[in-house]
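In C-alpha cells, one chain follows: the form predicted on its own.
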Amino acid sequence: MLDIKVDLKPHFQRRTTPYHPTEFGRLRSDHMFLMDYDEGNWHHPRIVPYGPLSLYPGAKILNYGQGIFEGQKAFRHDDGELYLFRADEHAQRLNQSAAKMCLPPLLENDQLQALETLLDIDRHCTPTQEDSCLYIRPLLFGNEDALGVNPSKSYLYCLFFSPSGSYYDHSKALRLFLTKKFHRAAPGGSGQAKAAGNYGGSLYALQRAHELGAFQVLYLDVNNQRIEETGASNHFHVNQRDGVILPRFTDTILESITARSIMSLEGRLGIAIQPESIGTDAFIADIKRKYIREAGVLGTAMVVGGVGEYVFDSGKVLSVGDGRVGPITQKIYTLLRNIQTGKEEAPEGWLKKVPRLL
C-alpha cells in the first residue's frame, strides 16, 4: 500500500465543472501523480499540481529513449460515478513493456491505487458529452544524468489525465497508407512494447501518409510479406463470410487490449474472430475481388474505426467494399462503446468503479 502525499491546488484554482473537449488529447486535469525509483526501490509517491518536470540534459530518456507509456480510459456512467475500463490489463501491459525496455516494474496494485486516488481528486474534470472520456496517460522513463548506452539507475513514474473528445469522427471511413518503403519494427526488437521510440520513429512515414490523404500508416513486416499494424492501432478485416480476421500477434506487433476485448466478445457479437498470418499480396487481391468486405482499426484511443481506402507508395488508391464504414465494424464499435459507458452489461472484471476516497 502506497503512502501517497497529496499537495493540491488551492480550491479557487481548481476546476469545478466538467470539461467539454472538442478534440483528443489537448486538455489536462488539475493534478498528476509522481513516484521516484533509485537504489532498487520505488519511493516518494505524491500527487501535485500538473506542471513541468525537471530533467537534466543528460537524462537517459532524452539521450537514449529509455521510456514507455500506456493509455487507458475512464468514463462517467449514468449513475454519476467514474468507471475504469480494463485497468488491470493496462497495468500488466505497462510491466511487459517495462521488461522489454529494462525499466523497473511497478506492482499492479500500486498502479491501481495511484490511479484511483488521482481519479478521485480530479473526477470533476471528466467530460460528459457523447464520445468523450477521461484519457489516462502513465509514463515511466529513465532520468539518470549519465551518458553511456546502458539502463538508467533512476526512474520517474508520472501519471496524468487528458479530458478528451472522440479521436476522430466514427461515421467516416479512413484511408490508410499501405507502404513497402517504411517499417515500424523488426523481429527481436521493441515492437511488442509501448516504447516511446516506436512512435517517434513512425512520424516520418506518417508525414508521407498525410501527404497522400491518409489517416495512418499500415505497416508490413520487414520482408513486406505480411500485414502487421498501423502506427497507433491494430488492424482487422471482414471477409465475405462476415468473419473478422486480425493479424496474428508477434513480437513486432503491440497487442491491443481493445483487440483482446473484441476477441472475448465473439459470442455476444455473433461473429467469428480469428487471428491469422495475413499475406500482403493475398490481402490486396482479396480486396480487389470483393472477398474482403470491410476493414478497420482498433485501439484504446481509436476504439474501433472503419477503413474505406488504402493508398499505396505509387499514390494508387484501392477501395474496400463500398468505401464506407461497414455494418460489422459499426456493430463492434457500438457494443464496445456501450460496455465502456455502462449502457450494456460488461463481462466480469472489465469495469472498475472508482471509489470515493477523499
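Residue numbers run from 1 along the displayed sequence. This one's a predicted model, so the numbers in the text were calculated from it and none came from an experiment.
In what follows, reference is made to the form predicted in complex with a small molecule, a form of this protein that is not presented.
Asker: Taking F177, R293 and F312 as the candidate spot, are all three within 4.5 angstroms of the small molecule in the model of the complex by heavy atoms?
Answerer: Verified in the model of the complex; spot residues all out of contact, no.
Asker: Which of these stretches, 323-331, 57-65, 39-47, 294-302, has heavy atoms within 4.5 Å of the small molecule in the model of the complex?
Answerer: It is the stretch 294-302.
Asker: To verify the annotation, which of these, F283, Y155, Y135, F236, has a non-hydrogen atom within 4.5 Å of the small molecule in the model of the complex?
Answerer: Comparing distances to the small molecule in the model of the complex, the residue within 4.5 Å is Y135.
Asker: Exactly one residue in G71, G197, P127, P105 has a non-hydrogen atom within 4.5 Å of the small molecule in the model of the complex; which is it?
Answerer: Here the answer is residue option G71.
Asker: Would you please decide whether A232 lies within 4.5 angstroms of the small molecule in the model of the complex, comparing each non-hydrogen atom pair?
Answerer: Result yes; A232 sits at the interface with the small molecule in the model of the complex.
Asker: Please tell me whether any heavy atom belonging to Y167 falls inside 4.5 Å of a heavy atom of the small molecule, as the geometry stands in the model of the complex.
Answerer: Yes - in the model of the complex, heavy atoms of Y167 and the small molecule come within 4.5 Å of each other.
Asker: I'd like to know if F24 sits close to the small molecule in the model of the complex, meaning any non-hydrogen atom pair within 4.5 angstroms.
Answerer: Because a heavy atom of F24 falls inside 4.5 Å of the small molecule in the model of the complex, the answer is yes.
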